[in-house]
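Take a look at this single chain in structure tokens; it is the form predicted on its own.
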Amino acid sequence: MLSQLQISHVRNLQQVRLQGLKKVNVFFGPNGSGKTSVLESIHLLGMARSFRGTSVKSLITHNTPSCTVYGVTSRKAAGEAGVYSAAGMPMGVQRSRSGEAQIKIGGKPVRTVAELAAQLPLQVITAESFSLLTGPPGGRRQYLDWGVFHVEQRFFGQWQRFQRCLKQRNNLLRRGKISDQELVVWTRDLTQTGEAINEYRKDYFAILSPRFKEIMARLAPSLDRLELRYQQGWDRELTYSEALQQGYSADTEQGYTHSGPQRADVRVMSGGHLAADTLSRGQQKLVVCGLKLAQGQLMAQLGNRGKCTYLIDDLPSELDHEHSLLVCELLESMDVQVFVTCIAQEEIRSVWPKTSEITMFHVEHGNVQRHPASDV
């Protein structure tokens, strides 16, 4: 878990240094003060980008060439509940206006974001998280693959191979004049990697779905008709090889591969209808929280890359006091670290279990200060 954090030139956060981070870290202050930018900085440290999906240039403070986030992850000291060792693994990310990224873990440069993501597993709950229900399938595929990545070590290599094969096959299909021999080679490799990815996803989904139902039974017992459905991206009665054969004419005519894991989806259903069409905004946020909590539990239980760090922006928004309390109780019961924002500190103090140590930070005009009466 993060024990230290240094932020330089991320939006309105010029220079921020946070030490002694605990399991629960609350950032409170008025809108526009920089609270969400703290969460963005942690996401930058774990994923080399913002969760807002904006360009790197908008993330960097005006008139500065780059932004930098440095952190230290530490493990819990043996026999001391809630206490983390001073020594830990340093990691840092610098992004320049040109888009260049410099990543270091343990003082050594690394080349892939995957290595970074493995070091600091993240779960994000923000206003944008509603797209899990209301947005296109791509976001739900990303959610599914994020869980598979952390519990199945073989997945990422297969996913990279599949993306390369898909790109090459689509390039051939777009040319019009296709070399059958070359197309057969890429189709064969696409089939092998696509089937492997689908099996990893199905195995993960088989444990995700019941865990999601268990959590939703605690968060919203009235939503007892919720279910998750996995759609693999082609007719489930066919093998992937058979689906590609059947779709060959359409693929050559339109210049791209129609069937495959790149078309997969996870549907959230309520009483046989899409949850996005039938649930209220508050109910949708509970479902999003349920999805993220279920995935975080499985990552902690089955993953080999450490515990999750939750980034939660404006938790009280669209959740009443009772449901906020239930979400916080579940988070408290998990071995995770939480960074959460709110406007008034009492919004979190009133819903978080009293037995937990909460560290409060006041944010105003880009300045982040530990609150005098921080730990309770």
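Quantities reported herein were computed from a predicted structural model and do not represent experimental measurements. Residue numbers here begin at 1 and follow the sequence given.
The form predicted together with a small molecule is left out here; the points below concern that form.
- Put simply, K35 is close to the small molecule in the predicted complex: some heavy atom of it is within 4.5 Å.
- Not displayed here, the small molecule is kept clear of Q15 by more than 4.5 Å at the level of heavy atoms in the predicted complex.
- Using a 4.5 Å cutoff between non-hydrogen atoms, R52 counts as a contact of the small molecule in the predicted complex.
- Although the partner is absent here, L325 lies well away from the small molecule in the predicted complex, with no heavy atom inside 4.5 Å.
- Heavy atoms within 4.5 Å of the small molecule in the predicted complex map, among the stretches 347 to 355, 330 to 338, 60 to 68, 43 to 51, onto 60 to 68 alone.
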